[in-house]
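First, one chain by itself: the form predicted alone, in structure tokens.
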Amino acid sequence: MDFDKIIQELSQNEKKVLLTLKKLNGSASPQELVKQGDFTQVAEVMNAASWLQSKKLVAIEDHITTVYSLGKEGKHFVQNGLPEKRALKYLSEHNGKSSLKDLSQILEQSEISVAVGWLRTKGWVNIKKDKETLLEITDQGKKVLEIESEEEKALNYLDGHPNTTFEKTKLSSLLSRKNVLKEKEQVTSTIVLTEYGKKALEKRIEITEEISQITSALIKTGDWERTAIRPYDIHAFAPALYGGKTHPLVALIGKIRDIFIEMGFQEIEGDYVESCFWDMDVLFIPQDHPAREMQDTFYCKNPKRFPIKEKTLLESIAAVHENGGTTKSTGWGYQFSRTEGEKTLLRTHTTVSTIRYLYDHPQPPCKVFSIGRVFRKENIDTTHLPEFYQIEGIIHEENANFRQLLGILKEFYRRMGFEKIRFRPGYFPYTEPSMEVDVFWNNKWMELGGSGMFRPEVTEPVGVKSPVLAWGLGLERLAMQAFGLKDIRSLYISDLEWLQKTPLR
């Protein structure tokens, strides 16, 4: 241990504690150190001692003692006497005998049974029952009448010395009575020099004027140049402080938003409540698709239906579903139901906001993205939630191609910190070709989303002529990888320790 370095880094109060302990033979209470060490308060001593303990120069020994004081009944007994003693005195003044009923003249009703119980237990009276209960004082009762009992001694002492220690065996009968004594534990400390502390004191320790904090006044006067500046150990222990900060998931959304904006995209938003027409029909999802069943989608009761105001678009979408319309597709080969399309639901993906945007802005170029909540009737488990976020994006350009989509997604994930990315063929009703996006994380491949090029059955009815690259990525699965979580539900549980210790990104 480098004692010279340690001494150099000691504060003035730490030096004062060490020097005062040396004067007090190596051990003292905080109160003694305040008095002998010229401190103003105990907090100064304890703060310095805590730092000295972390440097192994002192040890703080805590001692737990039990102290007693009078309770409400105890104070009453000091003023009026113990009920059994008052009853005994009454018997003595009435020829050593009294009926139980007569004791009500000197005792409260609640005290009578207590007094009789203790008189019988201590053998101070004999109890006889005839027509009524009679008490007769015994020889032992006569002897103790004028003697101060151990209980009375304890009560009188604690009346003058509250919150003090006392031999518990002498208080056993008082502690058995309700509200007579208050009992609490009190912690006292002793600060003791360790062997390292004694060795440090063998060195020369001087209390000199020093600067522990640079202030504007010191800089203006130049005193900082003429006074020693106390060195600091940057490796010394310090408690962790957790201030307010953005929720990790919100911070991750902010990071994703910044990446897309830096890549030249514009953010768009949409509504949670949509019609089946816009959420599914316009995206060429067949009306008998399993995802449209009540078991997979949240349908609304109020409003139950959304009228389809876009008459021309409705006719085009109906034709595309039935026979492909003008798209050279064969469609799905069934009769399109307008009633089915007017059903109201909670959006199942943010692609509905994208297709609405394309309908309102059919001319290229455009690069837009959205990060929003979607709703699906999923059973909650470690990787599924009925409400989650989706990261949606499109590129609409005259010469957009599939290779460009690969490059955009690879760059996005690279900026998110994933170096190994792979693409696999996939299937989605509204894109062709389609692909799945996987990233390599913790020695395994993880699927994070789907992508592809919008089919003509999707783009032509809304007036879009140029290619559209599209993707939809799951935020929560991305967050699980980013934060090292194994359960998706952890993102929405208010685990204070996790929220405090998760670093800002």
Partner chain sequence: MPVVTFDYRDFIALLGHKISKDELIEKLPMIGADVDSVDGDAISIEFFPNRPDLTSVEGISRAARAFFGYKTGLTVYPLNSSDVMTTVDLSVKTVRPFIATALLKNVNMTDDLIRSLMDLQEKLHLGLGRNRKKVAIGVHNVEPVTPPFTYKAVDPQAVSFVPLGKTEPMTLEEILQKHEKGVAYAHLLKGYDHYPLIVDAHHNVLSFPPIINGCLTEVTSFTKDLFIDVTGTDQKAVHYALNIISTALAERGGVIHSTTIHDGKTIFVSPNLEPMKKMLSVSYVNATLGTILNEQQIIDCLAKMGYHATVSKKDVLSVMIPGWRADILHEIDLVEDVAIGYGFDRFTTDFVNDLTFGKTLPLHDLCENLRSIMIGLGYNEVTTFTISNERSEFTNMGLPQSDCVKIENPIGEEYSCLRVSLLPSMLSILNENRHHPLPQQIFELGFIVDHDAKNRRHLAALKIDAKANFTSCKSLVEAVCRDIGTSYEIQESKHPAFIPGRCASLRKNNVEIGVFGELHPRTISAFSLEHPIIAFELSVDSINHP
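Numbering follows the first chain given and starts at 1. Note that the coordinates shown come from a computational prediction; the quantities given were computed from them, not determined experimentally.
Although it is not shown, the form predicted together with the partner chain is what the next lines describe.
J.: Heavy atoms within 4.5 Å of the partner chain in the predicted complex: which stretch in 402 to 410, 96 to 104, 128 to 136, 145 to 153 meets that?
T.: After filtering at 4.5 Å, what remains is 402 to 410.
J.: Does the partner chain, in the predicted complex, lie within 4.5 angstroms of each residue among L241, E419 and N442, using heavy atoms as the measure?
T.: So, no: the whole triplet misses the partner chain.
J.: Verify the contact flag for I395: yes if a non-hydrogen atom of it lies within 4.5 Å of a non-hydrogen atom of the partner chain in the predicted complex, no if not.
T.: Although the partner chain is absent here, I395 would touch it in the predicted complex, with heavy atoms inside 4.5 Å.
J.: Should D495 be classed as touching the partner chain in the predicted complex when contacts are defined as heavy atoms within 4.5 Å?
T.: Contact with the partner chain, yes.
J.: Report yes if any heavy atom of P456 sits within 4.5 Å of a heavy atom of the partner chain in the predicted complex; otherwise report no.
T.: Contact with the partner chain, yes.
J.: Going by a heavy atom distance of 4.5 Å, is G264 a contact of the partner chain in the predicted complex?
T.: Residue-level check for G264: yes, a contact with the partner chain.
J.: Give me the residue from W332, Y196, W224, F336 that has a heavy atom within 4.5 Å of the partner chain in the predicted complex.
T.: Exactly one residue meets the criterion: W332.
J.: Can you pick the one in S189, S92, S173, S434 that has a heavy atom within 4.5 Å of the partner chain in the predicted complex?
T.: So the residue touching the partner chain in the predicted complex, by this definition, is S434.
J.: Can you name the residues of 287 to 308 that have a non-hydrogen atom within 4.5 angstroms of the partner chain in the predicted complex?
T.: Contacting residues: D288, H289, P290, M294, T297, F298, Y299, C300, K301, N302, P303, K304, F306.
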